[in-house]
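Provided below as structure tokens are two forms of one protein chain, presented individually as structure 1 and structure 2.
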Structure 1
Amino acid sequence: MEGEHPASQARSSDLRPGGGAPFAGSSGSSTLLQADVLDLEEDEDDLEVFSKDASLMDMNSFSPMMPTSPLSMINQIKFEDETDLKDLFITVDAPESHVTTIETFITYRIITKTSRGEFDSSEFEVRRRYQDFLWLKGKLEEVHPTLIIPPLPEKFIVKGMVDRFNDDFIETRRKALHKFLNRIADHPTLTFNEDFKIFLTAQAWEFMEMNNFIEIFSQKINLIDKISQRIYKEERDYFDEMKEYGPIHILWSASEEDLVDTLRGVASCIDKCCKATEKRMSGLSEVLLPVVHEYVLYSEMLMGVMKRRDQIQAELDSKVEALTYKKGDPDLLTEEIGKLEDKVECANNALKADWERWKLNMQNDIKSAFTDMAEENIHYYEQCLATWESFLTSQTDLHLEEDSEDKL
């Protein structure tokens, strides 16, 4: 629901208590708000931090009325005592329940109005859920670790058996989320954060995470491919040198009568380890390298898929824009938009389903490839260990034999 509703509706059972209540600057509504708060039990106070804050809020941050047009924003400014120019206005309202096969969750509508040049448009409407707010907070903390990021309402109330879909809970949360975004908008540094902008404007939100993943995954898998190839090369070089190492001991044994056994023993161990290295190398090239390389190719593939999805979305967007700016036959456009919306929905659902499947497969493949590689290495070391240990035993046995001979 658009517009304002009197604060008294805060207690209604309607799932949509409406936005605007915090905007009611009159002290009447705030006293009512306070009354709500006081009804809560003592130990729940700390959980509902923002409700209390609402009564202490700085009235200057929120204008009495939500401006409905950019022009009115300028008018609004004139009434303000604020010396700063406010060019970003955000509301959080219209909570909606979404049910999917996996889960049920609430999204909130976020309307952004701005006159800033960096924004492609002056108005944005998006839907975000609580975990998206968490994402935003995380990103801000990452980029500005020592700035004071506004707090978010808590994830879930444990006490008091209040369930997530209770009206009061939703309304309280909505207000808190609204507060959160506006505090960021008012912050001189945070307001220009890129992720903030994405949060407020990005339409293909679900795919944003995916895009991010694919980008980083692609980077990392390419690196792993390079590293794995390099390891193979180093092992090959090591093998080549080792081949020469053993025979020198045989050569030496020709001039040392008393050390023949020991030297030959060492030579034989080195040769055996050499063979084990060869086996390890071939193991690496069988279990790890092909898998990693396949996923390098996959990552390229994925980027292509994302591009194509974006293209389909872009087709729809351009038609919508055309309709908005009245370019072309509205009826035809509306029909085309209808078809494209279906196409986009199909594409998105297909991608989402396939994405989950792909990720699962990737995890399994990577997991078994690396587990196998580790196994190859363990086997290699076990073989070498056995070789050297049997040499050592033979030497100490010999030693004991010699000793007993001396004593005779």
Structure 2
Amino acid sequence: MEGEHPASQARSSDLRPGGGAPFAGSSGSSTLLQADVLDLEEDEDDLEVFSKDASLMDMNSFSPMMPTSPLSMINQIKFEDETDLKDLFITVDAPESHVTTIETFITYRIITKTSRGEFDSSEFEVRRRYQDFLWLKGKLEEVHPTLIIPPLPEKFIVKGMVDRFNDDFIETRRKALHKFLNRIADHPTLTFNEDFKIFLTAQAWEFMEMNNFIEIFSQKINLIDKISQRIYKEERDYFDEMKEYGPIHILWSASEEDLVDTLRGVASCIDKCCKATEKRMSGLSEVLLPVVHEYVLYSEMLMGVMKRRDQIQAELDSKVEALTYKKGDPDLLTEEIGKLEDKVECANNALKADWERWKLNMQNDIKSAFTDMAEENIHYYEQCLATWESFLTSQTDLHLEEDSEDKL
């Protein structure tokens, strides 16, 4: 036996004719049995020490007499501490389809839970696309050229499926990406790679959020622009009709002696409301409409900016893919990737800084325009209301005077 006491090995060898092991039914069976009994008696103290002082649950108190091989010791330690050694848990789920100005792609949610001190938090949630997994694989191969990096699923064909937006394809890829990350996490060296940590924690999707914001903003601002233009046109038509409405009452009063005051009062109210409407229209055309339409144009500009930014990123991604699959001169591709990375970083930093400035200005401009319009509407309706209330009061007073005269 591999971990047997040397003295026992010697005695056993002496009992075996020619050094061979006895078989059942051999002539030396009784002699060997007696010798084994003597051997056990001599080792009784050793067994007692093992039973008292070398418990399997105490991995720090192995007796030198313990019949345990180095391999079994390692396995025992691994078995006892297996749950404690696992300090990085990764889940890949929730695939989503994204449509940008130049491409459509799938992203996957990656949830990381860890107790490692080098992480800033115990839990992270990011979204990554297939190109990002390619980037990670390339970085691992670059830093660890002689380690066995887990494979990624093929870019398009998995289990014979060609449509990369097919539900079965997406689910198969999700499972493969989940396995890819967990194999890295379980690797004794790759799991501590800095690029792996960046991949799991870095929030790199602000530009996707910008694209989504711009898309929604463009839809809403265009709709508001169309409705505002239509309201202005209807207000203009209403104003033109109102201008003709007042004079008709004046002409009518000439042939109605008993209604002269009433008709002239209505004409006066209409004239005042016309002036208030004209002022309201002026506010609409000078305050709200120009601001809304300006941001319609801004939305088109922003789409162009994001398209140019995405083109730079797409060019970088294509070079990274070419390097990963060795589709060109590695040295030349590496140089081009370095330049494109700098270009992408500069573009991203400039866009992020300008984005915050533009968004703040937009919010202030839109808020101011709608607030001014609301105040203008309140003033308009209050003025019209006061005009018509004044007319009603005058008519009520007139009726009271007439009733008094009749009684007299």
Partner chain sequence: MEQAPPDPEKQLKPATLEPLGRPDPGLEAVAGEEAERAREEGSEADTMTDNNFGLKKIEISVSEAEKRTGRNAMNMQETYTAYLIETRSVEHADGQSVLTDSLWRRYSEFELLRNYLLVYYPHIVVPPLPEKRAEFVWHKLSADNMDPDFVERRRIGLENFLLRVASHPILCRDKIFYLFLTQEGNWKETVNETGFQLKADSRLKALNATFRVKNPDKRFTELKHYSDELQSVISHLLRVRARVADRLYGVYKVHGNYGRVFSEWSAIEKEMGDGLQSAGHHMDVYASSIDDILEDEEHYADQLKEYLFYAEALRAVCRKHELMQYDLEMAAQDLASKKQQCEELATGTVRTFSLKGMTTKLFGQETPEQREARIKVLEEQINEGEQQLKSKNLEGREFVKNAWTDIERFKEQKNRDLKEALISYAVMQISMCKKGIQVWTNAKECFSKM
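Quick caveat, the model's predicted, so the values are computed rather than measured. All residue numbers here refer to structure 1's sequence, counted from 1. The term rigid core refers to the most C-alpha atoms you can superpose between the two forms while keeping them within 1.5 Å.
In this pair, structure 2 matches the form predicted alone, whereas the other structure does not. The rigid-core alignment places the CA of residue 232 less than 2 Å apart between the two structures. Positional change of residue 271 between the two structures stays under 2 Å at the C-alpha, relative to the superposed core.
Core-aligned CA deviation for residue 194 between the two structures: 2 Å or greater.
A C-alpha shift of 5.7 Å is found for residue 127 between the two structures, based on superposition of the rigid core.
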